[in-house]
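Next comes just one chain, in structure tokens: the form predicted on its own.
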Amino acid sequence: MKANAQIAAERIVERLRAEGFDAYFAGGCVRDLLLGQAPVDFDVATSARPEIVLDLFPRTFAVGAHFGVVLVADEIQGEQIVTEVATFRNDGSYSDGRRPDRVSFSTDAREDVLRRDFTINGMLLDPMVLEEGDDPEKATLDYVGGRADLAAGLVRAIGDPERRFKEDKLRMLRAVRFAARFGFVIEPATASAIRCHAAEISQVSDERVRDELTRMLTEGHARRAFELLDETGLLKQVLPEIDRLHGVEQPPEYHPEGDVWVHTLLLLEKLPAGASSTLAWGALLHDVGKSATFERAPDRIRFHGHVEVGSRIAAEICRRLRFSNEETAQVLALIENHMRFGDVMRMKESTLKRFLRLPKFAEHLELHRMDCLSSHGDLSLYHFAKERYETIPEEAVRPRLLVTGADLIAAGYAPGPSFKEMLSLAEDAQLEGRIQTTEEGLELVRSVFSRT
């Protein structure tokens, strides 16, 4: 059954054709259909100029009309669908390495395709000749050899790769992502151009780099993506902190798998498609402090303070890549707490419950599981923590406090620095079951803190 997004795009194509314009599905949706995969969204390319598209459809948004892009909104079975409709064009020079300085609209579909990024993304499809169940290949227009490269498993730049990457530097990262996602190889001339121009990725905005890296981490092929980043020289440019993990030895009794780079790749290999971005970045950065804290002591290799150092390094990466405050807080929490599982069986009940109530604790558990499976393989601490997390009632982990600040004031204590200690003392006792009432809690406080 067709997805609503496909139906919406077909309606657009049909309307444009009825008005005498050429219109096709374009880009990634064509690639995915040919691969037998369900496209996430559908784009339309047309000979109609932006102002015509704006007039033809009742709900439109001119988000990029200067570059020929109009968004067309539709509603199908209660679902709001927004389809990108782009006018055929050819581009002028790209002085900023991102967008053309000028565009010229065209009525030639072939001319439009030749300015796109990769052959596998450069095909068009005519949905008007495609019946339900038909092979989409019969309705495909291929001016760049995209079908052959799909069959061969190649990511190849359209035309001259040097020119394609000069136009938009982000295409270098996109080549890596597509190769990893589909299990393809980057065609040699395309790969050579990436290696030659890798340093120019610095011209791309931090936000665009972050978004592309996040896609690599969460599409289910993170290890291969980072191997390709390394092979093409891009890793050293976008994440030098991760590049420095190469060759950082680890104690073999805990890490028989090898150095920190290998260990990190093994974690990335375990990230499933659809993993949360914070878990993915936490997995990538959890040991980022080890390169700066490596020490070969007489008895064994040590990484004194690697958690604290790693947190500072990760905070700088998050700042540089402009993560939100919420995302940054969770990534740093994953790094700062990942070694605490080593003490989980020895924790006081109050300490354990405070640990279990960390925000998004399921992500902490999953990072620990992947960490263990990527090193010594012992999951005993994971199973212990998981069992306690799943069986301790929520009200026992986050109980209504028996002793509050108001209770302390009513008992004659003046607000001050010691309030925090008093409240923590009472809460610990409550979490451990040593007090059952407010009065018992206040009595405990009185036994330790005098009133002034």
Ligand code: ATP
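Sequential numbering from 1, following the sequence displayed. Fair warning: this is a prediction, and the values are worked out from it, not measured in the lab.
Omitted here: the form predicted together with this ligand. The next part is about that form.
Figure note: of the listed segments 110 to 118, 147 to 155, 250 to 258, 370 to 378, the one touching this ligand in the predicted complex, with heavy atoms no more than 4.5 Å away, is 110 to 118. Among the residues 382, 178, 303, 355, the one placing a heavy atom within 4.5 Å of this ligand in the predicted complex is 178.
Proximity to this ligand in the predicted complex, taken as a non-hydrogen atom within 4.5 angstroms, holds for one residue of 197, 215, 263, 338, which is 215.
For the chain shown alone, residue 49 is not a contact residue for this ligand in the predicted complex, no non-hydrogen atom being within 4.5 angstroms. Among residues of the shown chain, residue 286 is not one whose heavy atoms approach this ligand to within 4.5 Å in the predicted complex. Remark: residue 174 counts among the residues lining this ligand in the predicted complex, judged by a heavy atom distance of 4.5 Å or less. Contact check for residue 28: a non-hydrogen atom falls within 4.5 Å of this ligand in the predicted complex. For the stretch 146 to 169, the set of residues having any non-hydrogen atom within 4.5 angstroms of this ligand in the predicted complex comprises only 168.
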